[in-house]
Ligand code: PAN
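Read the single chain below, which is given as structure tokens and is the form predicted alone.
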Amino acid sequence: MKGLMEPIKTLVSFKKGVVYPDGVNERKLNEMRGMYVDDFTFETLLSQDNPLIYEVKEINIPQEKGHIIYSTTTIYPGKVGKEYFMTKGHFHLREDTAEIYFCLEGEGYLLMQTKEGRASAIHMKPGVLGYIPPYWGHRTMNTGDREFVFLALFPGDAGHNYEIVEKHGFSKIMVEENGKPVLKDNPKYTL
């Protein structure tokens, strides 16, 4: 048996996510260029501040076949224009892998799409588990007024492909209209 890993225990706070992470990856506004529709408002906001949009708290699990990677993501409340703060989004490098998101705190949406642009969204609130099937890209957005925290679980060898999202975007965007989240076509989306 090669490289036998010892079992591990992880503490998770429903309000803050992983309590003692092995790593924290932060994504600030300047790292989200091109993800929002309203470029003018994005640049205006960035010239005034560079807020933290979201952070991912990770546990050191081998990124290889047979393992299950888990982490928690916290998306902070806020908007760029009418669009809610969101994760960058990705497809998996190994496209035939699925992922699970389980909402711990706050609320938001899990937006998924195929490479052909077919989209689906799940309203996430505490206790809701969203299943992301193989071949679907995904991103999440915070549509509430407090932190949106969720647990993610996926195969260790799934990998992340951000390039396709950076190049084409998502076919749909989530915007606030009359105080409510509304899913609309993304005018910047290219197939």
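Start at 1 with the first residue shown and count on from there. This is a predicted model, so every value here is computed, not measured.
Here the subject shifts to the form predicted in complex with this ligand, a form of this protein not shown in this document.
**Q** Here the chain is shown alone; which of 152, 45, 53, 122 has a heavy atom within 4.5 Å of this ligand in the predicted bound form?
**A** None of the other options qualify; the answer is 152.
**Q** Against this ligand in the predicted bound form, would residue 162 count as a contact residue? Criterion: heavy atoms within 4.5 Å.
**A** Because a heavy atom of residue 162 falls inside 4.5 Å of this ligand in the predicted bound form, the answer is yes.
**Q** Do residue 101 and this ligand share at least one heavy atom pair within 4.5 Å in the predicted bound form?
**A** Yes.
**Q** I'd like to know whether residue 79 contacts this ligand in the predicted bound form, with contact meaning heavy atoms within 4.5 angstroms.
**A** Flag for residue 79 set to no.
**Q** Using a 4.5 angstroms cut-off on non-hydrogen atoms, would residue 89 count as touching this ligand in the predicted bound form?
**A** Residue-level check for residue 89: yes, a contact with this ligand.
**Q** Counting only non-hydrogen atoms, choose the one of 59-67, 122-130, 34-42, 153-161 that falls within 4.5 Å of this ligand in the predicted bound form.
**A** Single hit among the candidates: 153-161.
**Q** Even though this ligand is not shown here, does it sit in the predicted bound form so that 27, 73 and 138 each have a heavy atom within 4.5 Å?
**A** Contact check passed for all of 27, 73 and 138.
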